[in-house]
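The chain below stands alone, shown as structure tokens; this is the form predicted on its own.
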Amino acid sequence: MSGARRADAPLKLRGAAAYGTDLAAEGMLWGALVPSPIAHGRIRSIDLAPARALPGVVAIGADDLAGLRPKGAPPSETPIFPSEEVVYRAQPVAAVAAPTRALAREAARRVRIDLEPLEVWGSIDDLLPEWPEDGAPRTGPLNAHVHARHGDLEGAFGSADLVFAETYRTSGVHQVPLEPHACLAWVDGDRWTVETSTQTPFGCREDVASTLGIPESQLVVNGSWVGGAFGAKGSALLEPYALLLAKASGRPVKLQLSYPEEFQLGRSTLPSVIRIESAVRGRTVVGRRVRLVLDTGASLPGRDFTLGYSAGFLLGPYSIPAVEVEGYALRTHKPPFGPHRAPFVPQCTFAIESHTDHLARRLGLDPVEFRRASVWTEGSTTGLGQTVGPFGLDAALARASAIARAWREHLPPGHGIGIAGGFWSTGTGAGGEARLRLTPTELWIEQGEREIGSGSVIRGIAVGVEATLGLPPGTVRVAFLDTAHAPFDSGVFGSRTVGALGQAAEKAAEALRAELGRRCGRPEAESAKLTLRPGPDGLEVDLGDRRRPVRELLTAAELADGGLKVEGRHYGRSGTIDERRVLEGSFHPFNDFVGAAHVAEVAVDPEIGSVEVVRYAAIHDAGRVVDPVTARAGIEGGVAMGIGTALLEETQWGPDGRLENPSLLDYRLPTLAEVPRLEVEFIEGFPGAGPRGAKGLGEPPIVPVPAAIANAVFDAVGVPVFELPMTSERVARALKRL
């Protein structure tokens, strides 16, 4: 357990942390992107001459790429600039750099773009107005198709006492990080360097190297402090343009999005249509069909991760004898969409948990007991054939039920209580490496990730090292290195940081302990009892019967090199699915099973449909909680974010591919006044894949929130709402007020 103050707190409180938007270099230019004015069109011409006529301006387009990329570089899989056709509004068709940001923007406006307008695919409803049946077309705007099936589905539906079907819709949600995308790039000979606000420095390096056609060994990515990400900064976005402008100009170039540009280009999450059909015999669901249609924007075919990943979540955490899940990813003329905290899983959970509640009430059953009758426990098998590991959702549901009963004793009129369960797959299969550097006075974790706000890097990965070596909380320091000097890590995403990078650091600590024991002449068995302790003149090795200063144990070469260095690696075992159940496409197995049950109390105004969340409780299967303060804060933030997804947040796209609410004036976020007091509880005893049995808590807190609120609204007014967000207008329409 740890209650240490976060090491980044003083730096951030002083305003001394350098975020991407703070980056600067002597003699740098400001970059700007030249956006397409329409969502779909054939390029007739793009004239950069008016921009280049401005003093100090550098402008580049598709025709300049051959001279800027390395000789013989292979074609980029991801087009840097389109040469024939634009496929979304604001797609960069060129880029400029100038001595000031204002001049760069003026230069971008001066570029003459001549496009022949083409048909715009604006909505998945327009592309697929009827629900797809067998034999649906596999061409045109189809990005991907997945299909899995198991059990006697025809028998289940043919012998059912009740077949219950519903259709749900969800809107796009923006990550809205406080800091927009920003980076600073420079090129020195054959060495390309970019400092950037990113969740994945090594992933960014891979993306940029592939796009530009340069060896990864010649590209250095250095992460800055990150002012919020939530999935938006998990892959390269601005970096290739900034590097090409730096190459063209011979000077450092800073590229930073304005906030309207952030809304337009920042890879918000995906709108969808979900249909669920359940077959019930007696009081049991014996068969389920789920179909999903996703709007992936202009994402390239084969690069959409969300479809195959989210489809498994649509079956819910329940054992059902016969299941079928099918998903369609459709390409539209909107910007490429991307992950938002727990990519698309809150939306899947909203559909499946709302459907479960509606079905239970239709059968006259208690919704929680209906869930618990079939919820996964350790050893259960998922619809895709995976075996479930330690999983505490049943215990969390039992606790949620007790909380709901207590709240109902004094429930005012117009109020309702809803419960929803949910699960998450921690990304511990994505590997990582960390290095410990021991000096006479300090112990450092050297690694390549950046703290994105959750505390998982600055605090979470240090907890296991402190526990292994017996150090007091807050003793271990974390160093942030660039990709040329840090050990490899997969990135800060998927709630994997503590589970994977934390274990790499802990393994390095075990190796360090063994090495110190060897240097002290202790057998391996006795080395396990060795600890480090702060002493009057620096760190000391505590051998039980005596102490030795660390300085005495380091060689002269190690002292000159900055200390004793030991590395640890953790590459978790990925889950496996039963491929015999997969008919088409690629599904992604779950790596670790994390459960949560949430309880929401809402007040609904039946006249205007407004919804207020009055009370909220979150019960989380956390394996072992390694840092309660950070864990609790993460759950509170996740619930607040989920309230926005449930009731307020929605990217509104016009039929011409234009984002109609690209600002914080028009895109509603929950305020502190709309987030109620939260009760947070942890269910321990179901160990996960993280260090000491910890489970990831970055994504799970948002997963059940929209469903719990939707079920509370249903409980309050007796009418279901099938679309996110549940705005006052949509609730009023459900109540027939509009």
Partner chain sequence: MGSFELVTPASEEEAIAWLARAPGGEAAVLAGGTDLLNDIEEHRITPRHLLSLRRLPWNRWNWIGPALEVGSTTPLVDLEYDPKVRAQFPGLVTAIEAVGSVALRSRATLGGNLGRSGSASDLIPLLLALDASAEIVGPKGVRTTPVDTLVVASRRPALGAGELIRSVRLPEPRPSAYLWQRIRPAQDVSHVGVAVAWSPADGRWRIAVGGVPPRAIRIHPEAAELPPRPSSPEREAAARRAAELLPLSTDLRATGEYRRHVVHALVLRAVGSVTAMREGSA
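Positions refer to the first chain, counted from 1. What you see is a predicted model; the values in this text were computed from it and never measured.
The form predicted together with the partner chain is left out here; the points below concern that form.
In terms of contact with the partner chain in the model of the complex, the residue from E526, D126, E216, E607 that brings a heavy atom within 4.5 Å is E607. Checking L648, V614, A160, A360 against the partner chain in the model of the complex, a heavy atom within 4.5 Å turns up for just one residue: L648.
The closest non-hydrogen atom of Q652 lies within 4.5 Å of the partner chain in the model of the complex.
Although the partner is absent here, R5 sits far enough away that none of its heavy atoms falls within 4.5 Å of the partner chain in the model of the complex.
Within 4.5 Å of any heavy atom of the partner chain in the model of the complex lies no heavy atom of A66. In the model of the complex, the partner chain lies farther than 4.5 Å from every heavy atom of H415.
For the marked spot (L178, A479 and H485), a heavy atom within 4.5 Å of the partner chain in the model of the complex is absent from each of the three residues. Across the options 32 to 40, 701 to 709, 666 to 674, 53 to 61, residues that bring heavy atoms within 4.5 Å of the partner chain in the model of the complex belong to 666 to 674. Of all the residues from 344 to 366, none has a non-hydrogen atom no more than 4.5 Å from the partner chain in the model of the complex.
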